[in-house]
Each structure stands twice: as C-alpha cells, then as structure tokens.
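First comes one chain, alone, set out as structure tokens in the form predicted on its own.
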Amino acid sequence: MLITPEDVQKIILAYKRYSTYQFDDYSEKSFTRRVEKILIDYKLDIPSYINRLRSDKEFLEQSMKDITVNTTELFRDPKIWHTLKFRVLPRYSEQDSINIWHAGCSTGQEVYSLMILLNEMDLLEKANIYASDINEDVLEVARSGEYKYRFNLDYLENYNQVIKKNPYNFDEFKDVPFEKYFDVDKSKDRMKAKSFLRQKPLFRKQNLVAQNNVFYTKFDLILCRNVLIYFNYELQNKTIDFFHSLLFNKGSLVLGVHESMLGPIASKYIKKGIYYIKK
C-alpha cells in the first residue's frame, strides 16, 4: 500500500495531537515504510488509522513501537569493538569512574557486549552503565538479558573476534568461553546473561526527540549506533548537539558505521576514525 506525503503529514499530526510522540523530524522514507506496514498488518486505511490513534491508546503505543523498533546484535561490527578496546576505553582507564550511556539500546545486546569487554579489561567495576530506549518492550528484554540462542549463534564469531583475538597481534589469543558471561540452554534455545551483568545497567525509557536527560548525569562515553539514520538532517544535528552538552570534556561519541556528522556540528568534535571526541 502506497501513501502520499500528505497522508504522512496527517499521521504525524495525529501522533502529535493524541500523544507526546513527535515524528516531524524522522526520516520521511523510513517513517513512510513503517506506516505502510502498519496499514497492511492491521488492515487499515488512513482515516481508520487516525481514528484508532485517537480512540485506542493501546494501538497508539503499539504502533509507536512498530515505527521505532530497531535491531541489535552481540558485538555488531567487530571493527568498532576493536576501536573501543584499543583506542577509546583505555583513555578512561585511570579514572575512578567511567560513565557510559547507550542511547537507543533496543534489546540490549550492545549493552552486554560492552560490559563483557569492560570486564575483560578490568574496567567493569568502575563503570556506571546507563541505557535508554523509547520502547518499553525492548527495555524489558534488555533488563532480562535473555535471548534466543540459535538466533545469536551467528554472532558468536563476533564475540571470538573481539574477546579472544587481537587484530594487531595474531599470536595473542585469550581463551574466554562464552559461558563465562551467559548461561546457555541449547534444548530450550535460550541464553541468559549472568546475574553480575544484568544487575549492572540502569535502563530507562527515553524519547531522544524530546532531548531530556533521564539519568541526570554527564558521560565519558555515549554510544548511539544505527539510530540517527532514522532521523532527518536537522534532528540528527540537534541530537548530536544534545550529546555534546552531556559529554564531559574530551568525552567520546560512537555512531553507527553508516552514520556521520555533517555541517557546523562537526566543528564541535574531533573526528578519530569511527569515533568523535568532544572539543
């Protein structure tokens, strides 16, 4: 089902009118694609969609989740994790504490990946881990630390590449079993993060568009990967500026591999390959 730009604006206005959610600055292409899927899945046309938003709060919340849902994986993009391991995190190793925020954490695999890396670097104890997402359902999954084992099986090689191997010295190898961090039940297709990992992060619901600091602190490191691609240029820059205000001096920002800074906002950061340092 194809919808027009006028239809899109009507739906955006309806969300604004009947909720606190604002999609004005989302990528039009991404927003349109996900709205079209909702129309098909729920067998709706534009008027009935808007009427459901007005009269059915449960549908409104679920459709918001359908629009904003993102996916994540264990140690996604190993090169970024190598950069974190050898370039970013060592910058904070002498500090008494390290504040880290995962913005748009989805179901939390990235949060657990970083905690595993921090633990292997003997930095987990001094780290304060914060994570947020607009979707309460994915936050519940993240809090539970429980995932499908077979679904994540393909990503165990990422774990090996990041935790066991050194890309700068192939002779170096650390034999760290996956079971050190996850309880695995193959018969039930389940893997669950160890309790010492699950108890560490503070998860909170947050709408990045509203730009409210739900943790009331500043950060040494912010990771916001594969979220900004769903925003338009103006909201991307506004969000990056928001991150800048919440970073400590010389704090680091890590974006997704297909995300970058464009325009005047880039002058507020020093680009270091795939991460950025606050000036």
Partner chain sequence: MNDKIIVIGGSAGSFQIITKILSELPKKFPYPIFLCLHRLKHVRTGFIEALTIKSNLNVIEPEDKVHIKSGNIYLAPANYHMYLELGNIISLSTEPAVNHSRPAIDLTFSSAAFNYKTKVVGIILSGANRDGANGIADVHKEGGITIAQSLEECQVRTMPEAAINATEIDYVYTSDEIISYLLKL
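Residue numbers count along the first chain shown, from 1. The shown structure was predicted, so the numbers you read here are calculated from the model rather than taken from an experiment.
Keep in mind that the form predicted in complex with its partner chain is not shown, yet the notes after this line are about it.
Taking a 4.5 Å heavy atom cutoff to its partner chain in the predicted complex, the contact residue among 246, 44, 69, 53 is 69. Its partner chain in the predicted complex comes within 4.5 Å of no heavy atom belonging to residue 59.
By the criterion of a heavy atom within 4.5 Å, residue 34 is counted among the residues contacting its partner chain in the predicted complex. Contact between residue 77 and its partner chain in the predicted complex is found at the 4.5 Å heavy atom cutoff. For residue 260, a non-hydrogen atom is located within 4.5 Å of its partner chain in the predicted complex, even though that partner is not displayed. Contact with its partner chain in the predicted complex, defined as any heavy atom within 4.5 Å, is confined among 45 to 53, 222 to 230, 246 to 254, 208 to 216 to 222 to 230. Contact check at 4.5 Å (heavy atoms) against its partner chain in the predicted complex: none of 107, 177 and 269 pass.
Taking its partner chain as it sits in the predicted complex, the stretch 17 to 38 comes within 4.5 angstroms of it through a non-hydrogen atom at 27, 28, 29, 30, 33, 34.
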